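Starting off, we have a lone chain in the form predicted on its own, written out as structure tokens.
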């Protein structure tokens, strides 16, 4: 599990109490969830941004840490990054122990305010709408987490993301069929622009059947407040997500063998659905080492 640092959780609780939203935080979060389901992405006020941070950041932080860990495991790194649609700063928190020059774009004033409360006042955050964002710099990596899903002119925004990146582009989306469509759109555009999938893909064009979608899952612990906020009884939740990392240099992505579904454990053997250079394959393993492999791992 990749849990939010304890000091961040404490800071969120203090924000909730200090600004008088403690009693209304569940209501604010319920309204946000309903708006999100209806694709009504309205400007948030400060109490709503705090509710969003308490309700969603444990999951988005866990997903970001998971993806960064996968990236690190293949020996890759970057020295500077642009965080597009940075929200309340989950990526910044995930990178707090790394020597990385971090810059962000976030148009919501309320989100930026929570961001600074959690990460300090000295972080460089541009307040522009990303579509109007004007920057002569380029970044080794550009990161867009749960961002593409919220915009209409996806292709033009994705083009801008690729144009600002020198080495890597990270796209993270909800683990839904619609989120997966956004990943496919990014993959198709990347091919047009001469970029290559690095993870988790084993092919440049997706080989899944039309009615299926590639996504992953990560389990995270719920704090008592987090569970209360969502009216949940379980002390954990499973966050479903899609992601793709692109590289400007041609990669050996075809050597990937990513487990794309939850392994099916039988008596004496385990069944894996694997994305390989030869398409989607079902693999049966009987060795003890395979028992430790999980959804999203390399076979």
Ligand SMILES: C[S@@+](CC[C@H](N)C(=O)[O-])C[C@H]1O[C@@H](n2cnc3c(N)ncnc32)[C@H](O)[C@@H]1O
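Positions refer to the first chain, counted from 1. Values in this document were obtained by computation on a predicted structure and should not be read as measured data.
Absent from the display: the form predicted in complex with the named molecule. The rest refers to it.
- Stretch-level contact check against the named molecule in the predicted complex with heavy atoms at 4.5 Å: of 185-193, 70-78, 116-124, 142-150, the positive one is 142-150.
- Within 4.5 Å of any heavy atom of the named molecule in the predicted complex lies no heavy atom of residue 167.
- Contact annotation: residue 85 falls within 4.5 Å of the named molecule in the predicted complex, judged by heavy atom distances.
- Taking non-hydrogen atoms only, residue 215 never approaches the named molecule to within 4.5 angstroms in the predicted complex.
- Although the partner is absent here, residue 94 lies well away from the named molecule in the predicted complex, with no heavy atom inside 4.5 Å.
- The single contact residue among 131, 138, 159, 219, judged by any heavy atom lying within 4.5 Å of the named molecule in the predicted complex, is 131.
- Interface residue among 50, 245, 242, 64, judged by heavy atoms within 4.5 Å of the named molecule in the predicted complex: 64.
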